[in-house]
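Just the one chain here, laid out as structure tokens, in the form predicted alone.
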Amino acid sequence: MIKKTDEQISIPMVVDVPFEFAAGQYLSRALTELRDNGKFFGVKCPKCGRVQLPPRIVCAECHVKNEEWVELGLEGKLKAFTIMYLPLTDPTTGKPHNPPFVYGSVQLDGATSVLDHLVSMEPDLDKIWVGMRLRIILRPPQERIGDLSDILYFEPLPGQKKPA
């Protein structure tokens, strides 16, 4: 029998729950292309034309089935960013990123959605801006495993100047 009480007791603990989940048909195809060929693919909605990355079977806006695969560029535009002043543990490696560092949302050429990832650059607001061009730096082909940790980071394309 459960006894009611006003006292709430909490027990702090760290729970280690390793797990795996099936990536599904679309994400598996995209991650296989990333691992084997160093390419990114999204899917294009037949109704609204959005190109989603990561690829989804159904358009997040129109709810119709996506069947057209589109190869995306390895460069893109910074759409948003933050300078992190707290450590962030990489969920794919378990290793912390030491602050300060830049984390950004990058729209790859040909995509509508963004990919959030580490941006390798000095965390200086005078040197980073929304709209700057970035490129993906991947692990060497022999080290790729078929997940987002195959992306090491984004880095700015050379020769850009912050707009006035």
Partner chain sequence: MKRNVAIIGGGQTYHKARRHDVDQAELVNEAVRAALADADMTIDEIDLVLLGNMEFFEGVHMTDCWLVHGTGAYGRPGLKITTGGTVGATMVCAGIHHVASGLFDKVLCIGFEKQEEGDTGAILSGVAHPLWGRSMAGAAVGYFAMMGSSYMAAWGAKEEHSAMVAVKARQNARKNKYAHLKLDITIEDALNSRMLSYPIRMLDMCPASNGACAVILADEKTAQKRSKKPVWFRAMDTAHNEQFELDWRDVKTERPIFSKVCASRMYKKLGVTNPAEHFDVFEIYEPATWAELVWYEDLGLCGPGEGFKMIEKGMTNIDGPIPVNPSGGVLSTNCIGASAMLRIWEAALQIRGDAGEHQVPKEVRRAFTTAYGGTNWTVMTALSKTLDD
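Numbering follows the first chain given and starts at 1. C-alpha atoms forming the largest set that superposes within 1.5 Å between two forms make up the rigid core. Quick caveat: nothing in here was measured; it's all calculated off a predicted structure.
Form predicted in complex with the partner chain: not shown, discussed below.
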| property | result |
| --- | --- |
| Contact test, all of 29, 121 and 137, partner the partner chain in the predicted bound form, heavy atom 4.5 Å | no |
| Non-hydrogen atom contact residue 75 with the partner chain in the predicted bound form at 4.5 angstroms | no |
| Partner contact for residue 65 in the predicted bound form: the partner chain, 4.5 angstroms, heavy atom | no |
| 4.5 Å heavy atom contact, residue 10 to the partner chain in the predicted bound form | yes |
| Contact flag, residue 33 vs the partner chain in the predicted bound form, heavy atom cut 4.5 Å | no |
| Position in contact with the partner chain when the complex is considered in the predicted bound form, options 110, 38, 54, 46, heavy atoms within 4.5 Å | 54 |
| Residues in 88-103 with any heavy atom within 4.5 Å of the partner chain in the predicted bound form | 88, 89, 90, 91, 92, 97, 101, 103 |
| Core fit, then residue 82 C-alpha moves 2 Å or more between the shown form and the other one | no |
